[in-house]
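Starting off, we have a lone chain in the form predicted alone, written out as structure tokens.
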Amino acid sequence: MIVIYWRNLTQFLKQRTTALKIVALFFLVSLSIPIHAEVWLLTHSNQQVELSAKQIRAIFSLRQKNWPDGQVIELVVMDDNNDLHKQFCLDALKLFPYQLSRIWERQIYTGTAIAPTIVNSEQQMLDTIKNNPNAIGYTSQEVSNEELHSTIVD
């Protein structure tokens, strides 16, 4: 009789241990998957060029200063503390915002580049890019507007 109870108890513990391992594994996997929102690159409708990740990084680090047609690129960005700016820096540029700021400062103070335009909101970014056909920026969602062109950043 004791042997039967012992076998039932060990089988119950084995099944429960397996279930606990599965739950723990699911929990660990769900924690390791980052919550990822999309970032959209935003340009004026006149600049509907497809940009590679390398070109986006070159533009935002002020190494590429002109569009293919020769026009000077105007960067429109948000403040370093803005969540969208942080996400754009990490996802699109693979840089921390402070690293990007250092790159900008170095080029601005040496006179080799013009400082980006800093806006306070996405609406202000949309308005700034609408008014400047050579501007480039980013937004948190796709923009369907005749004057603007948005592409998702991979």
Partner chain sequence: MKNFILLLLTSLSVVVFPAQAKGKLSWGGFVSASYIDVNANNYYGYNSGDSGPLFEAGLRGFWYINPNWSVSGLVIAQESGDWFESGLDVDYLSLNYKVPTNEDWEVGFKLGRFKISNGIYGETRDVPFTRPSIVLPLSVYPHILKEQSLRADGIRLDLDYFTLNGQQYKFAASIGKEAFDESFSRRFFGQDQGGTFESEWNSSLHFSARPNANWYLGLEYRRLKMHLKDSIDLAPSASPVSLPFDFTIDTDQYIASLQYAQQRYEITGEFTMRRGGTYAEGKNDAAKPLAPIFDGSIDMNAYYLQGIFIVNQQWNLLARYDNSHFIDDDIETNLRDLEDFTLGATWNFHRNFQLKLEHHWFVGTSMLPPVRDLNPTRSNNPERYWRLFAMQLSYRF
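As the structure is a computational prediction, the values presented were derived from the model and not from experiment. Residue numbers count along the first chain shown, from 1.
Below, we refer to the form predicted together with the partner chain, which is not included among the displayed structures.
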Hey, in the model of the complex, is V49 touching the partner chain, heavy atoms inside 4.5 Å?
no
So, in the model of the complex, is E38 in contact with the partner chain at a 4.5 angstroms heavy atom limit?
no
Within a 4.5 Å heavy atom cut-off, is S45 in contact with the partner chain in the model of the complex?
no
Heavy atoms within 4.5 Å of the partner chain in the model of the complex: does L126 have any?
no
If you look in the model of the complex, which residues in 58 to 73 sit within 4.5 Å of the partner chain (heavy atoms)?
R63, K65, N66, D69, G70, Q71, V72
